[in-house]
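Given next, in C-alpha cells, is a single chain: the form predicted alone.
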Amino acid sequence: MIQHLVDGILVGSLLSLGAIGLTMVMHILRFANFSHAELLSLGAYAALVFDGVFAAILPPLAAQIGPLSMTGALALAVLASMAFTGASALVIDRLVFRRVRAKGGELSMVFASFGVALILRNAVGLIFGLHGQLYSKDIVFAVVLSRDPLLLVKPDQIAALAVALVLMLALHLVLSRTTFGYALRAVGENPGLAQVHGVNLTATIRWVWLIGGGLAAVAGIFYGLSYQITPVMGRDLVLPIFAATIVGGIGSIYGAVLGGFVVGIAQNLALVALPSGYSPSVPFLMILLVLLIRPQGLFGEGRA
C-alpha cells in the first residue's frame, strides 16, 4: 500500500506539470486541447536528439550524474527541449489554432486539436519508429527507503519529483509576485477587460503556449526516464492529464497541481484492489465522479 502511495506521488508530480499547461490553455483560450499530451511525447523525443548531440560535441557530458541514469548531456537536453517544445507549441498555434480561432468556435478548436494530435503522434512514429526507446541502457537500482514495510524508489524518480516541485514553486512565484503573473490571471478572468487595461493579449497567449509546452516537455522527459519513451505516450497520458485538470478545476493552476497528485495516487492505489488492466480506467471514472458531484472541480475559477 505504501509503495503504491509513493509511486502515485511520483507519477502525480509529472501529471501536474502536464496539467498546468492544459488548464492555462483551457481557461484562457476556452477550448479543450487534446493535442497537449502529445507535447510530452514531442519534448521527450526532442531531449533524446539533443542528448545525442550534446554527448557527441562534449564527450565528458556523457558521464552519469551521481546515482542517476541522467547524464550531463541529458540535463542540458532538458533545457533545450523545453525551449524547443515551447516554440513548437507556439508554431502550432500560429499555423492552426489561431486561424481556427479567428474563423470558428470552440468546437472547431477541439476538432482541430484532435487533428494536431494525430499529426504529431504519427510524425514522431514515422521519424523515430514505433518501438520504445531509453535515454540510458545502464541499469540503475532502486534505493531501499524502508524494509518494514518494503519501500523502493529509483533515484530518477526522486529527481523528477524534486524538479517538478521546483518548477511549480517558480511558477507560483511568477504568478503571485510579478506583473506578468497578474496580467496572466487577468486575461484568464476577463480577456476583454484585461486588454482595455493595457494587457497585451497576443503576447500573453504566446507565453501561455511557451510555458505550457516547456512544462509538458519536462513531464515527458522524466516520465520517459522513469519508464521509456514511445510515440504513443501522449495518447496514454492524455486521459490522466485531463482528469487532473478537471479534478483540480479548469483555470486553477494550483488545482492542476493538486489534481495531478490526486489522479496519480488514485491510479496507483487502484492496483491494490483491481487488476492492473483496469488502472487506466481510473482517471475516466474520476472525471465522471467530479462532473457529477462538483463540476467546477476542487479549485475551479469563475469565467467572465
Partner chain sequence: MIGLISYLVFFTTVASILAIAVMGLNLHWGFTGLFNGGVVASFGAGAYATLILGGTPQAGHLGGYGWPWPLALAGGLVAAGVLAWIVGVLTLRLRRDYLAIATFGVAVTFENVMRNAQGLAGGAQGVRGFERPLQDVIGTGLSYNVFFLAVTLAALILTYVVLERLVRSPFGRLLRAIREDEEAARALGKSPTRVRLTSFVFGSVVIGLAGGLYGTFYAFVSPQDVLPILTFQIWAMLIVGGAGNNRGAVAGTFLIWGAWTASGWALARFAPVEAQLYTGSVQFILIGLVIVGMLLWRPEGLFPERLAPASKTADDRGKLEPGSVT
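Positions refer to the first chain, counted from 1. Since we're looking at a predicted model, the values are computed, not measured.
Not on display, but discussed next: the form predicted together with its partner chain.
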Of A162, L79, V144, L126, the one that lies within 4.5 Å of its partner chain in the predicted complex (heavy atoms): L126
Are all three residues F54, L61 and G132 in contact with its partner chain in the predicted complex, where contact means a non-hydrogen atom within 4.5 Å? no
Among 265-273, 243-251, 61-69, 45-53, which stretch has residues whose heavy atoms lie within 4.5 Å of its partner chain in the predicted complex? 243-251
is_contact(F114, its partner chain) in the predicted complex, heavy atom dist at most 4.5 Å: yes
So in the predicted complex, is its partner chain close enough to V257 to count as touching (4.5 Å, heavy atoms)? no
Does its partner chain get within 4.5 angstroms of any non-hydrogen atom of V199 in the predicted complex? no
Does any heavy atom of Q228 come within 4.5 Å of a heavy atom of its partner chain in the predicted complex? no
Which residues from 95-112 come close to its partner chain in the predicted complex, meaning a heavy atom within 4.5 Å? L95, V96, R99, V100, K103, L107, S108, V110, F111, A112
